[in-house]
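In the block that follows, a single chain appears as structure tokens, in the form predicted alone.
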């Protein structure tokens, strides 16, 4: 079985894409086709504006999909204009993506800020998925789930090799503990996902551009789900 003794994660990161109507159309197309298996953890991370409606549609449809956010605030509730606190998000999400390379590059996010966000997520019972670009990116204390996303592979169509990604996952586990779950992110699609999930040390994928297409994302999930 693909899950065997570990979870397999498929996390869809929509970034700044899809209106609420488009998001609901995607849920309606993908939700009924997601394979149901305890070890298969499918997560969709829409824009903040679509979170509530996406959560409602998944709940009503009883689809095996978790809802995540693409970020959250390093602060709690209070006078922090424009921020979304973990306390406010916890009713809507199960997971949050932290430290994505695009946040680091475009918003000057650093390891200290990522660590503060992780603490807020953990305090609110939200699972943090921390993105690392290499073994030089520190994994903060209290993190049990990371995504290796090399900058050269983000949105380029040029993924890292599955073997190299697996070796990096092995190194991360060696440094931070065997319990650390490591995903691969960077130009993942239905044509290469199988090569990543069969690796010994990888526990799934973070999917960017390919997750925007309902048919393509469904195909990715089915490829993984068929490995029973």
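Residue numbers count along the first chain shown, from 1. What you see is a predicted model, and the numbers here were worked out from it, not measured in a lab.
Separately, the form predicted in complex with a small molecule exists; it is not shown, and the next lines address it.
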Q) Taking the partner as it appears in the predicted bound form, which of 185 to 193, 40 to 48, 168 to 176, 55 to 63 has residues with heavy atoms within 4.5 Å of the small molecule? A) 185 to 193
Q.
How about residue 117 - does it come within 4.5 Å of the small molecule in the predicted bound form, if we only consider non-hydrogen atoms?
A. no
Q) Would residue 206 count as a contact of the small molecule in the predicted bound form, using a 4.5 angstroms cut-off between non-hydrogen atoms? A) yes
(Q) Check residue 76 for me: does it contact the small molecule in the predicted bound form (non-hydrogen atoms, 4.5 angstroms)? (A) no
(Q) How about residue 18 - does it come within 4.5 Å of the small molecule in the predicted bound form, if we only consider non-hydrogen atoms? (A) no
Q) Given that the small molecule is left out here, which of 89, 145, 95, 154 has a heavy atom within 4.5 Å of it in the predicted bound form? A) 154
